[in-house]
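Below you will find one chain, with nothing else, as structure tokens; this is the form predicted alone, and questions on how it binds or moves follow later.
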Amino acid sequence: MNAVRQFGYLRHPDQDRVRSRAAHHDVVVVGAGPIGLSLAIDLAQRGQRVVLLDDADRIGEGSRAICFSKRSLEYWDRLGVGQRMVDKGVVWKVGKIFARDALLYQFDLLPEPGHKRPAFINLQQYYAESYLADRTAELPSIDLRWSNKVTALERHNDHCALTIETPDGPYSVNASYVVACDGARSALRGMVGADFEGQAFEDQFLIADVKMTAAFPTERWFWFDPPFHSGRSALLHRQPDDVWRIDLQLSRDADPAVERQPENVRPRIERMLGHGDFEFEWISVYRFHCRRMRRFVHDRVIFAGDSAHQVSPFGARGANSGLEDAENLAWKLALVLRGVAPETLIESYNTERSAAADENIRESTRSTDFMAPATAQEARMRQAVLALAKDTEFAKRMVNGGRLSVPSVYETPLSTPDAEQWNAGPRPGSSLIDAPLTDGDKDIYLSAAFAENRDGFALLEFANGASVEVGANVRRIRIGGDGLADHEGLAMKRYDATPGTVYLLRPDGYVAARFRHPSKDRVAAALARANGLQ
């Protein structure tokens, strides 16, 4: 595939309206990257009309994010693009850590079977964006406008007014809500008078995507102090189309303009590979940033993805956490726009995703400190850990080559504690755990059964002959009895279920509450809390 896909600018009828009679839209999403595209699709599938603006008219400027988690794939399944991502992507779950040229240890990110989606896929961001853009074209309620750049924002009590620059000149629109998905250099962040808070690291890394035929296994390989790059760190990942992602740590005082020149990069890669039979697809140099906005919600302007928070790329926490932003926000914003939930429900997005950003920043900072020690004491500690890790389990757990992205766990008022004892299973605030099931003679996964519920809450019941009464807007997923069969017993095990156990699942697949002995009133109260009504 040619990395760059051009869409082109089209004039819209909104541009023919005078400012005093500017068109009004419920939601305007700014930024057609993976986060903005996914959010727009999610909102559209929940019955909302969305205007999606992007200041460019193309996608595919470099592979950028490549590592997408099981949680993201399950989300994309609900958006109708998951299978296409997996079909193209490189599936992997094993990672290996090396010190010099010796294997310290390896890990398996999905050691047990019975999940629809793999632990991770590697897929160039331009493919992900392209598939998402194709999906938006299938949804008439998404109005995707290329070469539409937001240049001004006015906030009012009941709406926002946007000024948008185009090749035909500026025009204005009003929106009930604006969602900024316009990346780390977000213009909207400045327009609301906000900025990032956090840490910018001095260490630099070189990214080189090279096209070559290689016999390396489909695994994540990370080196500390490899022979081909002495004293620093290196990372190797496989991508589709025989493209390999190589990250090489540089010195803090390295000149990025010099380091990214192909004639300077080639010798480094040749030392690593032992040959020069490769072509460059993309080269970049970056510095770590671990920072976020203090608040993600500014009245009717909401921030998601890199516009709200940044982490180092090691651990694949950037794009995956941004996709969790999108799925957390979409159902809440849809309920508010429909008048089903109060506007205060959106504040729970700020609460939950701010806490998730803090966790990602903590993990990313720890990874950076271990990979690039800033002091002599940190360097000695790392040396001792790497030496001990060859023979001891506790030291292996201390080695940090980038803790990989996992689903967020929320501690929020929406998480309703149950008085009963639970030995396992996802607690309130945790995400759905997949399991294999059978629907008649058809095999199905729990995540797929939930994906059919694109708009609303779901009650996951482990049947005991009776069903708790719930409102008409709550879908049932019944396991056992006359429902889905759990022949392998993995659903029962993973949910610590006994007959009569019930989980109330939010529209984003997170557990709102769980019950050993549910009643109509207890479930209704949990549903009201999850909707922000209590």
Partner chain sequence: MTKLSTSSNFAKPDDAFRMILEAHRGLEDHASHALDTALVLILANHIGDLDVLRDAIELAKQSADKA
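Since the model is a prediction, treat every value here as computed from it, not as a measurement. Numbering follows the first chain given and starts at 1.
Another form exists, predicted in complex with its partner chain; not displayed. Remarks below refer to it.
Only one of 377, 230, 157, 423 gets a heavy atom within 4.5 Å of its partner chain in the predicted bound form. Which one?
Filtering the options by heavy-atom distance leaves 377.
Considering 212, 340, 384, 254, which brings a non-hydrogen atom within 4.5 Å of its partner chain in the predicted bound form?
It is 384.
Using a 4.5 Å heavy atom cut-off, which of 140-148, 201-209, 393-401, 326-334 contacts its partner chain in the predicted bound form?
Of the options given, it is 393-401.
Indicate whether its partner chain has at least one heavy atom within 4.5 Å of a heavy atom of residue 388 in the predicted bound form.
Residue-level check for residue 388: yes, a contact with its partner chain.
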